[in-house]
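As a starting point, one isolated chain is supplied in structure tokens, in the form predicted alone.
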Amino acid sequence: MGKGGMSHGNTDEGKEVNMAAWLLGINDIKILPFNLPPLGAHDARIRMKAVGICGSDVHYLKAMKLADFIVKEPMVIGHECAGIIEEVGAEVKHLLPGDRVAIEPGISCWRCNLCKDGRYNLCPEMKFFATPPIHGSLANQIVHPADLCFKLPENVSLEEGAMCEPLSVGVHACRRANVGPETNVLVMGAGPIGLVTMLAARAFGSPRIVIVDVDDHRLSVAKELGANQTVKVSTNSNDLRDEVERIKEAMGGGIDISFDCAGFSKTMSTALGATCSGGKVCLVGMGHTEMTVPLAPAAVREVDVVGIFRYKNTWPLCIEFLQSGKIDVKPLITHRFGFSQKEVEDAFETSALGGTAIKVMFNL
């Protein structure tokens, strides 16, 4: 929550000091005390148990900025999270202390036209965990609106609860692109978001999914997770035409929907070239803020281009997918760390290096 602040340990005798991982500067992350805001009538105080590292967290650590968001003062990091309810406000009826919950990290205003229209993910007043200047959730405890805390069924773990956040991106993308049992899907990029988009597309009924990446290891993971075919590509734009043909061949039929989960000029150009006439390309990743892509040929073939920003109203469906076994996110969690100074540093380094790491998870 945005209102909490750094403290210097002046707490009542015997009272637990709430600690959090503070981003202080480039490559400078420290576990320090974190003052919680007061518990409002509609809030819950949650003890964090599982927090995942997202690419954006690493970006802030390495550059102190992401797109137009700049870290100007110390900020608690983390936004993929789940925990256990410790206390609820007077007006909270659906949760009790001890409930295990997955947490949606964005608080919208609920007053603007976009919120009223149900597109609250686009709210200009959005307060989102670990997007400056709002504090995130890599802490012992946080305070958050109770209506953004979703109770987990017994057969869904807290780690899986934390994975609802990245999975939500894939679910929202599939809704935006109208994935269904008659749509063949291409996924550009086999990183964490590409993989959850693939899993979501399968859960939405896509019969055939091809996934593309530059990395052999990531492609092998995609295959294990159920991709029908994988295609290894290069970063060289001169290979584009040949790669589009190889991708079409791998699909063995028309590509109805392509998801660009990388977001570079080349990946977007590949997606536009590979998608069949009348199909859709959904831009999910944000590798480049500006890109040069062949839109005119796509326009002539009536290929629709849609974008997504985060997600909306996805947690209940994500939890249903996990509970029913339609989606299994457990294989995505490749590395686990505790919540000590050294482990926090090591975890972010592991995530930043990539290699075999897909999702790095803190167990608090």
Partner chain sequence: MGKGGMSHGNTDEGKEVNMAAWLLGINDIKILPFNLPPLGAHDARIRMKAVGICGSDVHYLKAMKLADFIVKEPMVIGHECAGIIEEVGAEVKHLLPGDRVAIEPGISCWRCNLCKDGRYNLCPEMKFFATPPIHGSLANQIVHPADLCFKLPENVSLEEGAMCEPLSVGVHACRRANVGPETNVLVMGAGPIGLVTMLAARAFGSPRIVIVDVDDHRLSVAKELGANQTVKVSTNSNDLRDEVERIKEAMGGGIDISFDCAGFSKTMSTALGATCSGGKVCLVGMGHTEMTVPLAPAAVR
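Positions refer to the first chain, counted from 1. This is a predicted model, so every value here is computed, not measured.
The form predicted together with its partner chain is left out here; the points below concern that form.
Glu154 within 4.5 Å of its partner chain in the predicted complex, heavy atoms: Glu154: no, not in contact with its partner chain in the predicted complex.
How about Thr235 - does it come within 4.5 Å of its partner chain in the predicted complex, if we only consider non-hydrogen atoms? Although its partner chain is absent here, Thr235 would stay clear of it in the predicted complex, with no heavy atoms inside 4.5 Å.
With the cut-off set at 4.5 Å between non-hydrogen atoms, does Arg119 touch its partner chain in the predicted complex? So Arg119 counts as contacting its partner chain.
Check Thr292 for me: does it contact its partner chain in the predicted complex (non-hydrogen atoms, 4.5 angstroms)? Yes, Thr292 is a contact residue.
Counting non-hydrogen atoms within 4.5 angstroms of its partner chain in the predicted complex, say which of Leu39, Val58, Leu317, Ile308 makes the cut. When its partner chain is considered in the predicted complex, the option within 4.5 Å is Ile308.
Scan Lys330, Lys65, Arg336, Arg301 and let me know which has any heavy atom within 4.5 Å of its partner chain in the predicted complex. That would be Arg301.
Counting only heavy atoms and a 4.5 Å cutoff, which of 100-108, 209-217, 284-292, 181-189 contacts its partner chain in the predicted complex? Going by heavy atoms within 4.5 Å, the stretch is 284-292.
Can we say Met268, Ser277 and Ala296 each have a non-hydrogen atom within 4.5 Å of its partner chain in the predicted complex? Yes.
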